[in-house]
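To begin, one chain is listed below as structure tokens, in the form predicted on its own.
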């Protein structure tokens, strides 16, 4: 196979090191559930799942389509679907044996019908609404859910009860998160009085798993930090305040392309669409065959930087759909098809997802997940 022109490298050792970090953090009795939704946060759904599956108890995705893709790729561990599954697809999901998060009664009843037709018990996870106000069962509806589960105990099994924190990583004041945890515990107690005790209690995302032992329960859903990124600066600060030690995260992803053309242009030349950049000196430009279609955000026009031969090269002009121009005047010896790092490290230099997120006024999650899923993911 010829070498790709733009691709993503996945560092196997870094990924598994991060997984071991969380195993040490939560201890041997808590199940690890890597969240591989959104193409494994841009890292490659099947590539990441194959690497982590031998070491974990569950895999979590957002959609039925992602779950099916994992099964077709050979995944055998239980798969938890965190998002909404349309009622017309519930039988398909139940037949495949997926664990489903449920937060409306119609889905619960639909899964009960599917379980009876299949002659098996479908594992469901009730998601409790504790303050995020997205998907979730509100407290006043718990009795109706409990009654439905009792009536369908031949077709459904309460495999889990979960919730999702609304404000645990965007702040160093965790009062709201603690109120959610209290609401979650109250929901568990109320279900217990109705005779319902789940096998798996789970609340913890990456930030919760890092900061609060009391959120670990039976399973933790590790997302962004599995891939080597702190959920936020506030989480990092809070971890130091709380003296969480021995927690080293290693970025897993490097995004690369190649020099497709070199041009020497005079001082005063305009670059790219809209003539948004004008050179102030005689310059050497490298044209990269990667642009916003690939996920390199147009907002990085004239402010982004890439790495060539271990040195920074600034973006000049607008990022195009399929091309980006960078100034390599001060980088000696750049040649056609030289490797260029859009995100990641090259020698001692680095462009991190956090760096790009700061420039774009967003979060690393968005930078990573918007990398085009059709680009090759190469495990190294």
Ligand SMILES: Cc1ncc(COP(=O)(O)O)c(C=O)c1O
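Here the structure is a predicted model, which is why all the values come from computation and not from measurement. Residue numbers count along the first chain shown, from 1.
Another form, the form predicted together with the ligand, is not on view; read the next lines as being about it.
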Could you work out which of 277, 221, 125, 174 is the residue within 4.5 angstroms of the ligand in the predicted complex, going by heavy atoms?
221
Just give me the single entry in 181, 156, 205, 93 that has a non-hydrogen atom within 4.5 angstroms of the ligand in the predicted complex.
205
Is there any non-hydrogen atom of residue 37 lying within 4.5 Å of the ligand in the predicted complex?
yes
Can you check whether residue 134 is within 4.5 Å of the ligand in the predicted complex, heavy atom basis?
yes
Do residue 41 and the ligand come within 4.5 Å of each other in the predicted complex, heavy atoms counted?
yes
Can you tell me whether residue 82 touches the ligand? I mean in the predicted complex, with a 4.5 angstroms heavy atom cut-off.
yes
Given that the partner is absent here, state which listed stretch (264 to 272, 67 to 75, 163 to 171, 300 to 308) has heavy atoms within 4.5 Å of the ligand in the predicted complex.
163 to 171
With the ligand taken in the predicted complex, which residues across 345 to 374 come within 4.5 angstroms through any non-hydrogen atom?
365
